[in-house]
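Only one chain is included here, represented as structure tokens and corresponding to the form predicted on its own.
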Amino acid sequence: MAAIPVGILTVSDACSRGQADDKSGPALRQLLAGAGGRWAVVATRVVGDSQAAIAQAVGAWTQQAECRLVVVCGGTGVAAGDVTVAALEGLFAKRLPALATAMVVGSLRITPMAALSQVAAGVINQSIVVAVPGSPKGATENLQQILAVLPHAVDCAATGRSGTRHLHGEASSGIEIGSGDVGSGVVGSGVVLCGCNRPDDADADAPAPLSDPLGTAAARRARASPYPMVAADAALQLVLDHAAPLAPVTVALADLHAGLVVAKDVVAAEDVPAYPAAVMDGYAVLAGSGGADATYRVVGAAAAGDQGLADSQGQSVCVGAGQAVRVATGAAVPRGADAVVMVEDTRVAEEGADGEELAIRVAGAPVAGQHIRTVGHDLQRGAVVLRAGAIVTAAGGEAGAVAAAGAGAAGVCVHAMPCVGVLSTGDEVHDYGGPLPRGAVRDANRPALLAALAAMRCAAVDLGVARDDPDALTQALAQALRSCHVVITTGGASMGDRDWLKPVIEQRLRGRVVFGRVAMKPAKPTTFAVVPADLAADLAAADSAPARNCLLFALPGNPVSALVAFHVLVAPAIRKLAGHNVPRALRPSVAAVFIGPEWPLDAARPEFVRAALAWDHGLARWTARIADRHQQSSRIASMVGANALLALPRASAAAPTIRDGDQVTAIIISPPTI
């Protein structure tokens, strides 16, 4: 079942003025968080004891269906300032007195003071709104009394004029989930009923499909989506909550590439350097054996790579007082020497007939340790070279450090990169080559998504194009689950009579739709679902099944919508699967100055506008221009030259547009122009 978006409004003069901390809101959030992922708190707010403030906040959350459940805590007592119920009464399209009674009756079993509470419940637009007492104890106790029935109440309120008949089927006419034939790709069997009449021994964890049963005639399909609208930020959080890092694997040093995340500390196997090394070209001497402007006799030379200084008989030479050995940068400093004098600080004092140096004069007095890297100066044996969680970058330093410390002989333990499958759907979708029949379109989605995945260094699988047919979709998805951690589909996720993805996921794959709509423009129909790990194992060969839940992203069919949804929601999930922590999993964003003609904001949804981000060297700031003034979700050309998405807010009376010079947030999707 999709997570239901919830808003929690705390009513308190003291909290709104900062004179007290809100404890009831967090207590309610904790209660809902413990309900097995059924609820997602997407909005919280504190207002004073004002009917107008309460009505404004609740109205805003329910007007665009941002919150399907609103819990108002506080202001339900008998004092003159307790105005919550009065504020809500004028908003209720339908009162739900039985819910309010259930809260009171349940609370009276705990405390007689519950008799003084003015709890209330009702429907505003298509949302359930309940008012509970303001104390943390009273708020949670009251909500607990009705928590089990609220999901079904939310479902019923969301159906609007389409009715609730499909939510109240008898056991003999429930929604069939497949035949149990694994070979056909249809897995599982049984009947899913609503919470009103399901038998007591039914599997409480089995997801209840919200989609129309497969085979429902077009005239009998729901005319409005049963899936709650989830805010974009809340949708991203739900995605990240379900994306756990993949199990570590060991890769050869040569395969250590940018984007991999180290899963286990990499420890230096040897000292770097393993010997005292000259920092620069010069002469190794014994400091203190000569004063300022002293003369040293040259007794040999040591090049980089020499194992030691030896005389003509092969005997090891030890540098003594007044002696010098010519050394190259990186060469081992000979025994006895404790300082290196660079060439620039010397001059020839005596020259042989063959032009070789016999003696040098040193300017100044050498100091012990100068221009020498001691053993382990750069890295000591046993020191951590790369810590778990470190990200391998394109700069190359991580691979170099591992190699220098001799730590990569047995490979490096990193988080595996996820395998991602990309499937296009639609009878009208045709591949790249060949003639294009009338009414058909070229498949732009797969090439765009596969190119984006290649940039992330993922293992991408091209799953081709599936027809608008439940059996074909089931077979294609079942095949993908054999090897993919993530499956991305495009098309078939909206409200058309041939949009089968949601019912196939819920009714044949027994997947759980976490959310089925997102309040964003474009890509509102974006759907995110989870297929249980045990089902994936049933569908896949035993030696290749991913030992985890498989993540399914059903993206819209319009190519821009699909690509925007990928960058906003899918790419962060892939990075988290690859071991990135949450801040690093998100796309980086910068504050930029908007340049160009004003752009009208959308009144219903926040918008992600394709833009060209560049650095203004003269004013030392980021600037953003809309890449293409034609931003239709079908126009993939609007993505050409776009390296950022402008995250624009909804229009308001005070700010209906974005104007030249306004500051905007730019989400970087490819390297910007510097």
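Don't overthink the numbering: it's just position in the shown sequence, from 1. Every value quoted in this text rests on a predicted model; they were computed, and no experiment measured them.
From this point on, the text means the form predicted in complex with a small molecule, which you will not see here.
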Quiz item: Is there a heavy atom of residue 555 no more than 4.5 Å from a heavy atom of the small molecule in the model of the complex?
Solution: yes
Quiz item: Given that the partner is absent here, does residue 561 sit within 4.5 Å of the small molecule in the model of the complex, heavy atoms only?
Solution: yes
Self-check item: residue 443, heavy atom within 4.5 angstroms of the small molecule in the model of the complex
Solution: yes
Quiz item: Just to confirm, residue 494 within 4.5 Å of the small molecule in the model of the complex by heavy atoms?
Solution: yes
Exercise. Work out which of the listed stretches, 434-442, 475-483, 364-372, 133-141, brings a heavy atom within 4.5 angstroms of the small molecule in the model of the complex.
Key: 434-442
Exercise. Have a look at 277, 124, 429, 412 for me and say which one sits with a heavy atom within 4.5 Å of the small molecule in the model of the complex.
Key: 429
Practice problem: Scan 282, 75, 525, 228 and let me know which has any heavy atom within 4.5 Å of the small molecule in the model of the complex. | Solution: 525
